[in-house]
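Included below are structure tokens for two forms of one protein chain, each presented in isolation as structure 1 and structure 2.
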Structure 1
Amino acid sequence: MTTLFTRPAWAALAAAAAMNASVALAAQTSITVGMQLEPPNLDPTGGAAAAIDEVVYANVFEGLTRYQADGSVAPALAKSWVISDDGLVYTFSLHGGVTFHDGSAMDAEDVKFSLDRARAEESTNAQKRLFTGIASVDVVDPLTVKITLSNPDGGFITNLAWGDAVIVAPESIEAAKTAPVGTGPFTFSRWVQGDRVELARNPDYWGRPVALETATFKFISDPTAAFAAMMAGDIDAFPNYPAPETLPQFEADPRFRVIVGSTEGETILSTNNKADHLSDVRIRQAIAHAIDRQAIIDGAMFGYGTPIGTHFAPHHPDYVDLTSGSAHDPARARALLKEAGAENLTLSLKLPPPAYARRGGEIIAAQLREVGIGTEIENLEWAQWLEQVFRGKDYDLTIVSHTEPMDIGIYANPDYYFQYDSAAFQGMIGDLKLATDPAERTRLMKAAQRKVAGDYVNGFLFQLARTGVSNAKISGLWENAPTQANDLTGVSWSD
């Protein structure tokens, strides 16, 4: 078995000074965090948008395990677990004394409810694939739950750290989209739609109390407005700052700290592999060779970003640099289009709101035009993008960052929005799920990267950098983004 833990004028003046000092002190226990996108709802188990987790992950909701700032996975609601010798049975010991924000106890029944709900046939969980290997979830006692897998899964503990795997209660889950109830160190206070979400410190938190008393997530979609809000002090921190061209101004101002790190965000020119023309690999390859990645990084991201040639983070030890296989080669792109009989092709290019998509889309449209591919650009709001592109698959091309960690497995789902259907790739991911030997997992991950690159499933652009700005007195914000989160549990102000 394997175990893991795991009066006088002067008096009036003094009183006023004391009051001002206390106000200043109180202000240092609150924070206003800027976000470019507003979440469509606040239930991480029922939505695909990264903005949901950016508000609630680790703050409002918790899972059995969780990601830490360095990318490692640590115990959360589970204080320890034991894995059977055959790798099929995980027995979790839960922390005692944990309550949901409504005062109800969190116990093994809630774990069973959450995981059974996530893997149910009618589940709307955006990452339902994380739970398909679960054969059963059994309550041993109120603080012990046993999860049995159909096959060994070397990534199961990591799967449980995703926002999609947080523990919820049957009594409150129906209201979670607008009034989330979790076990985290912050409680939900208010959502002023179109403007902000407000959180408050949970006085009954089971774990280490947080330093902040209140936190506000303020939604500012326009990069120019984001810059103005930071400069004016209306925003204390903008962890995913949308105007990288202005970062030098913050770097020169001692009031601010610029934070540059990496994310799990593979930014891709996502391609509908079943759309007219795009089912032909020669056309997808032509598109890949038409793209000048560095020009997109320089023009859309002001130099922030790392070129990628497959759907895998460059900072991962198993990354394979495959950029040469889709190097910028307009002549090759034209030749492939001629060979495919598609020399006068026009494709739809539907762009969500982030700056990398809107700016990058204009650059890519110009690059495609140079090889004879026209584009019809349509700018969509986030809800429209989710409805038309992600769910409706009504598109030819789009640009988006996939910020989920280690998510190359999405290519094994033929119903996923880019509709790539490869039995060979599905077999690789099936083998990867079963593999527990590190060397074998490395071999399979490298093979999977080469397969999606060689099939030119999407146009692989760059790994999204995490460029953030904060008040210089704030500490504890994540530098890198091992998952899509604005974790405030370790954030505090200095004097």
Structure 2
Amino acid sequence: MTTLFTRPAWAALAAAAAMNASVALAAQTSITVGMQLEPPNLDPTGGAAAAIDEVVYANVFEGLTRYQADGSVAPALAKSWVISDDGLVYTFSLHGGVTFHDGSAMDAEDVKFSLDRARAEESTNAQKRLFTGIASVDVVDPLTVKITLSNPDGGFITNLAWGDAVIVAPESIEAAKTAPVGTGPFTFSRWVQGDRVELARNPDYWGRPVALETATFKFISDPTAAFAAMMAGDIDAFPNYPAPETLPQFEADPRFRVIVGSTEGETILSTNNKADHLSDVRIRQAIAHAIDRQAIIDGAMFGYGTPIGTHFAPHHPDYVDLTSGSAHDPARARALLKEAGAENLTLSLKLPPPAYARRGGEIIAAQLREVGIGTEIENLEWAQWLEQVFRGKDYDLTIVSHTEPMDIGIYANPDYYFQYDSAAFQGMIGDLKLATDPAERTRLMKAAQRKVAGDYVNGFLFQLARTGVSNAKISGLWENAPTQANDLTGVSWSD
């Protein structure tokens, strides 16, 4: 009797062991990446959400040029380019033998289609401003494309590296929102809405083949659940990990690696410059002096973050440290409020969900209370925030991180939600657009930084740190976030 029962049991054990072994082997070429927000669609040329690029940028879609991990821009689908002496004509030569995932060839016609589509009147591209300088796109031969600008633009090559400027095919673009087809090293396999997006290696990739066979992006919005999933090993890497307070635990655990880098996210106390009282620069200056940046970085981000005094990334070579102009000085803040005759001020403070906003908001409310400004905190979900604050401009103060690279130009738009309207600043940005001389560009960028800091447009808080966690055996993940992306092309497991 006993042998009859033991034999199948042994067989089952052996089978289980074999299965375990195959799972362990498979783990080395697949990765599960955690993300906090799920993308609304998967077409980077038709949506503003950062989560779209975080899934498809460099993985599924590629542009003529691309961002690299260190923030520099490198050739991608374009092998090389020549710029005419007047800075107006860019001639790109493309890589040959590049195919889209559906098998069709990528050539100069696709480049023309993609760029013309992005800059068209009815285009839904979220960053149309990147393409407004283009006068025409002409196909010279299947592997050469000529782009003519209406004015010289020193940032044009960088513009083409954005996720919004990727090359798409006319045959497949209509379905790209749910079934993206690009030229990248990964093909799209499946999107389980509300849960995950799965990618698989593209066997016909034109460039250097990737080490990973499959990649899964899993969406976990709750920081507590993110912590649990990481600890349990359900997630291999969480590049934008939402609970910085738990990072010391991962640092102490040899199974994990903590990756701290910089982002392009200027975290600011956005101020409605047209609201009652807040149109008075003295009150905005008082708010700036009431804020203790280090307390916010320590209290809300547990020490991760770099104080900023203007809307510019500190790791950029042209950054000017202007934090002393709005140093923590409650006495000065109270004096300014008295001078402005606004001693019993109560302002609304509307906070979106991220921890930097919710926790930072409580700290700022306490700091403002110290100088005599009352706040009414209202916690909003993203959809409400976009509706009320971003589109409706129905707010006094809010906290948000502006994660696009080099985005000081938003201050030149008087209709942007902080409603800052300065002809002098708009002039600077206009000059900057035309300037191609590096020294002149540096001078203008520094002047622009000083202008928004001197006008106390917003409360400038800190540069958001990129705090990521990954399995210690994974290498090749980006440390910094020069653009919104989870580039998996260089990622591999060490054993």
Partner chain sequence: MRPRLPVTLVAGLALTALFAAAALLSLVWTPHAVDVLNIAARLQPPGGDHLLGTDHFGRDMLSMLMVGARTSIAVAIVAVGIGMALGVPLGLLAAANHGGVVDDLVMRGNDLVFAFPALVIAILITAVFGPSAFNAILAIGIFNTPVFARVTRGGALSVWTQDFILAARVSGKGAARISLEHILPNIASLLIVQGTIQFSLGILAEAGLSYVGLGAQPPLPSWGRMLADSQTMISFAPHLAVLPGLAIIATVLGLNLTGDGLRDHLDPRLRRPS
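Note that the structure is predicted; figures quoted are calculated from it, not measured. Residue numbering: sequential along structure 1, first residue numbered 1. Here the rigid core means the biggest group of C-alpha atoms that line up within 1.5 Å when the two forms are laid on top of each other.
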Report task. Please match the form predicted on its own to structure 1 or structure 2. Result -> 1
Requested in this report: Choose the entry from D292, S172, T124, S262 that sits at the hinge of the motion between structure 1 and structure 2, where one rigid part turns relative to another.
Outcome: S262
Query raised in the report: Once the larger parts are superposed on C-alpha atoms, what angle in degrees does the smaller rigid part turn through between structure 1 and structure 2?
Result: 13
Report task. Enter the rigid core superposed C-alpha shift of G341 between structure 1 and structure 2, rounded to one decimal in Å. Result -> 8.2
Requested in this report: Would you mind giving the Cα movement of D421 between structure 1 and structure 2 in Å, after fitting on the rigid core?
Outcome: 4.3
